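Listed next as structure tokens is one chain, alone, in the form predicted on its own.
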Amino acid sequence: MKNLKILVAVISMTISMSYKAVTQDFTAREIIQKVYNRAEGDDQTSFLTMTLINKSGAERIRKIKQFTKDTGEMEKSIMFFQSPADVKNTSFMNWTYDDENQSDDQWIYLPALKKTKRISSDSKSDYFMGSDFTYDDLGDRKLDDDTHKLIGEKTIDGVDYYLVESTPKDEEYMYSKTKTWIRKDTFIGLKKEFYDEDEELLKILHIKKFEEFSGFLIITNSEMHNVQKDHKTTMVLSDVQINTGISDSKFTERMMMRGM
């Protein structure tokens, strides 16, 4: 992933989060670039449990099989919904290009319609399958789509973080800004705040766990909390496999309709 790579959080935080004086070891742009370029292997297979939690605490659980592959010029990902029955056989595919001038391509297959629909640029702000992630969140933000500013450094529970504020260059973008807490030792963003068009806090992404597989650090437990709606989506990975040699044929519209 890079998918979801810059989406983030801490399991617990001390109330006394002390700011340090900002050092210029790296510029804000260099820090975010290291987050984006963090190695995760050439391909990855995993099971994903997506849980939607409303403000009353009621849960809806969805089981997904997903695949990702970095071809060198782009990163491709595809997910197949396995349960429950109302979303079974739905599939979603994302292609992210290394070319800074080329936007992501995204498709969704809806079995009830028996057709694949391409996600238009106007629909990227829509929420994905009732979750708290937009289609845009599931793609990869280009490094220079935003202006990045290092606004502080923090130590939380003995771990050192950079705090970077990113402001979109496109004034029409769905978020007015984001703030990301990035671990200095791993360059994994562990918390990310998203602000709406009125610069009010909209949602917070927390990374609750990351694990090592085949020498790569992979995010395995994350939660997006829409604070305005008090609705949450958790994403938990299991059975993670790295560098198994996934075929390019896995990432096609035909495969979306056919299933795994």
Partner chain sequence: MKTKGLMFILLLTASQVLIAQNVDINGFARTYEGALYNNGNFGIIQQTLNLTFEQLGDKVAFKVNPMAYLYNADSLDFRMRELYLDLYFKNFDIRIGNQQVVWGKADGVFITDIVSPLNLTEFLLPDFDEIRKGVIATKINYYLGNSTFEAIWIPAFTPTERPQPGSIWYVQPDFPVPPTWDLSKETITPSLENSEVFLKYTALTSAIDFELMGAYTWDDNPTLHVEKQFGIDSATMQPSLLGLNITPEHHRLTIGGGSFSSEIKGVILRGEAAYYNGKYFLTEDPLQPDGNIQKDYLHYLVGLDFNIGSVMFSSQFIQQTILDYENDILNEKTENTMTFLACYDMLRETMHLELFSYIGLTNEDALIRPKVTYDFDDSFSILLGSNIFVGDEKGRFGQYKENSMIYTKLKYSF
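Positions refer to the first chain, counted from 1. Values in this document were obtained by computation on a predicted structure and should not be read as measured data. The term rigid core refers to the maximal set of C-alpha atoms that superpose within 1.5 Å between the two forms.
This protein has a second form, the form predicted in complex with the partner chain, left out of what is shown; the following refers to that one.
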{"property": "Whether Gln66, Lys191 and Val227 all lie within 4.5 angstroms of the partner chain in the model of the complex by heavy atom", "result": "no"}
{"property": "Interface membership of Ile119, the partner chain in the model of the complex, 4.5 Å heavy atom rule", "result": "yes"}
{"property": "The partner chain contact at Met93 in the model of the complex, heavy atom, 4.5 Å", "result": "yes"}
{"property": "In the model of the complex, Ile53 touching the partner chain (heavy atom, 4.5 Å)", "result": "yes"}
{"property": "Any non-hydrogen atom of Lys184 within 4.5 angstroms of the partner chain in the model of the complex", "result": "no"}
{"property": "In the model of the complex, segment of 196-204, 209-217, 37-45, 56-64 with a heavy atom within 4.5 Å of the partner chain", "result": "56-64"}
{"property": "Partner-contacting position among Asp145, Asp98, Asp105, Asp160 - heavy atom within 4.5 Å of the partner chain in the model of the complex", "result": "Asp105"}
{"property": "Residues within 4.5 Å of the partner chain in the model of the complex, restricted to 223-238 and counted by heavy atom", "result": "His231, Lys232, Thr233"}
{"property": "Large Cα shift (2 Å or above) at Ala85 between this form and the one not shown, core-fitted", "result": "no"}
{"property": "Rigid-core frame, C-alpha of Thr147, shift of 2 angstroms or more between this form and the one not shown", "result": "no"}
{"property": "Shift of Asp104 between this form and the one not shown at or above 2 Å (CA, core fit)", "result": "yes"}
